[in-house]
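Only one chain is given next, in structure tokens, and it is the form predicted on its own.
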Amino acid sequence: MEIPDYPNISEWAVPFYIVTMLVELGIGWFTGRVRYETRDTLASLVMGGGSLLAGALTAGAIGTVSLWLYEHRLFTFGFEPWWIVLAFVLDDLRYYWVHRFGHEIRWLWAAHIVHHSSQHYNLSTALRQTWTSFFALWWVVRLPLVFLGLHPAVLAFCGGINLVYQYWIHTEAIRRFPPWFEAIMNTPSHHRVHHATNPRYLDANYAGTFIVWDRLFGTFVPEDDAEPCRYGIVKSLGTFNPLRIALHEWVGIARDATGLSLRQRLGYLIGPPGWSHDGSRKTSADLKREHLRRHPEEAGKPGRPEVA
């Protein structure tokens, strides 16, 4: 069975990234709807470059494991277009769950927090990516699809398309699409909610391409024009230093887990971000419950827990 030579979508998209960022910068200049900050943008670009380098350094190991597992697959799917479509849908569902885990498990959050660390929301923010996803084991969640019978090359191709799709939704220049599109696809409006630190917006809209996953699994929250999104992380990082951006949460885990019992250390590794052994900190769920106690009229709405 001959394996098609799929293009590297991420590399092909580089000119698109450059042109669209310049266009968005122009829109922001004339309308004020998009905000760029020079040091923040440079930090995002450096993080993106470092992520590409880290990916190149670890691609061989991931590829070796994936190909070995493919040799022991349950079924064999081909390379025809309909199998590519199936692979894309299944991989997008896989992305939803690994992304959700990345917000609910601190070990995974330590890598993913990089992408949320900017207080600005523009196309350069999409390029602010982690250097430590291999160490965080995000890639392991794709292996069940390989074992099922989807070739690693097909999944890499689909993953590249998914990442390019997610790039353009990191903007405030586009407000809304027609309702039918907003109902099915991830859009700038939905993803602005995902990047927001407002309590009502926390831990919502994990979709990559299809927002239907969030609607199906109860994590969808619509953007409310009456409450503009505030971007970043709950506790602002306050630095443009790429090394600190890349590693600060890993350092935080090591610091928090020092001198504690094994059970407490595991809590800092696999518990949600904000968990603490003495209850002195607050998780996203805690912040949302506090918000609902102050605004009980929102209880029961999609993506919001009931008032405790």
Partner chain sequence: MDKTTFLLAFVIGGVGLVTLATVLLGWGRRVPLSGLQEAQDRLAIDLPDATVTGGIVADDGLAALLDLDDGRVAAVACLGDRRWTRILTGAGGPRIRGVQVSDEGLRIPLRDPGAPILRVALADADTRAHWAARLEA
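Everything numeric here is computed off the predicted structure, so don't read it as measured data. Positions refer to the first chain, counted from 1.
The following text describes the form predicted in complex with the partner chain, which does not appear among the structures shown.
Enquirer: Are all three of Leu22, Arg35 and Val251 close to the partner chain in the predicted bound form, meaning a heavy atom of each within 4.5 Å?
Expert: Heavy-atom distance to the partner chain in the predicted bound form: all three under 4.5 Å.
Enquirer: Please run the contact check for Leu42 against the partner chain in the predicted bound form: heavy atoms, 4.5 angstroms, yes or no?
Expert: Yes, Leu42 sits close enough to the partner chain in the predicted bound form that at least one of its heavy atoms falls within 4.5 Å.
Enquirer: Does at least one non-hydrogen atom of Arg244 fall within 4.5 angstroms of the partner chain in the predicted bound form?
Expert: Taking the distances in the predicted bound form, the answer for Arg244 is yes, it comes within 4.5 Å of the partner chain.
Enquirer: Arg263: heavy atom within 4.5 Å of the partner chain in the predicted bound form?
Expert: Residue-level check for Arg263: no, no contact with the partner chain.
Enquirer: So, Glu11 and the partner chain: in the predicted bound form, are they within 4.5 Å at any heavy atom pair?
Expert: Yes, contact at 4.5 Å.
Enquirer: Can you work out which of Pro178, Gly218, Gly238, Pro228 has a heavy atom no more than 4.5 Å from the partner chain in the predicted bound form?
Expert: None of the other options qualify; the answer is Gly238.
Enquirer: Which residues from 87-121 come close to the partner chain in the predicted bound form, meaning a heavy atom within 4.5 Å?
Expert: Contacts from 87-121: Gln119, His120.
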